[in-house]
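Next up: just one chain, as structure tokens, the form predicted alone.
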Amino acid sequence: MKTNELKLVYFSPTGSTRKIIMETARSFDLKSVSFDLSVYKEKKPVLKFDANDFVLFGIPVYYGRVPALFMDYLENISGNGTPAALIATYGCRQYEDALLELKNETEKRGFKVIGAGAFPAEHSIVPFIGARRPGKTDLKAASEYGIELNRHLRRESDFSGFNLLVPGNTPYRKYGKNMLFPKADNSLCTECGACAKVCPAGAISLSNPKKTDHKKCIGCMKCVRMCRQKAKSVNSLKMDLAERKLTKVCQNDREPEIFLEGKS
């Protein structure tokens, strides 16, 4: 089919999803336009895509699900029989229902999903799990995924007969409760506001960056990683507990999984 542009719609607080989606996009012979939803927007943008667009959706997996914050943005995103593909990154545990949920929710909004990929990445809470991933092997898999998607676009004139099957169950698993809230060390914090500017949930106020709104915080740890003064941290006892729990269930050697479908 004749495709006008490649659209990249992604949520990537700590950068892993962005790395994968950009590597995938490089394999297309199309001009691309990015919509980075990692930067907090109080007024959610309205995005409408045409049948001749191709959209790559990218998310990190939270509790085996699509992040609730991304779902808020998705409410204002629509397609018109627009072909699309999915990317989910996860911290080497499991991605569980995330791909299925993302497929169902995008298709409800007028997209036709023809491909999906799940990629292990460095864990946002415990960085030594999946450290330095995505690595060369992961990025190669992302590039090959893009090549196959590009071939589909060139070869097929209509995707209405496509039926992509991805792992997952309904009802979806319940969201876990975030218990890891970064706090500021008042002796180190200079109130520069850098953490407030990068917080994807708008949980940190520019006027008082030493405080975090626990109701809004999604536990992505971006503020911890971005603070040059090392003033942001999580309660050490809670972090130790999280590390022990996650070390038992995560596997650093997980490999990317790609799902592509022809006509049914």
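Remember, it's a predicted structure, so these values are computed and weren't measured experimentally. All residue numbers refer to positions in the sequence shown, first residue = 1.
Below, we turn to the form predicted together with a small molecule, even though it does not appear here.
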Of L139, M71, L153, I125, the one that lies within 4.5 Å of the small molecule in the predicted bound form (heavy atoms): I125
Spell it out for me: taking the small molecule in the predicted bound form, does every residue among T14, C92 and G219 have a heavy atom no farther than 4.5 Å from it? yes
Within 4.5 Å of the small molecule in the predicted bound form, heavy atom basis, the matching stretch of 156 to 164, 82 to 90, 103 to 111, 185 to 193 is 82 to 90
When the contact criterion is heavy atoms within 4.5 Å, does P209 count as touching the small molecule in the predicted bound form? no
Is Y62 a contact residue for the small molecule in the predicted bound form, using a 4.5 Å heavy atom cut-off? yes
Partner contact for A121 in the predicted bound form: the small molecule, 4.5 angstroms, heavy atom: yes
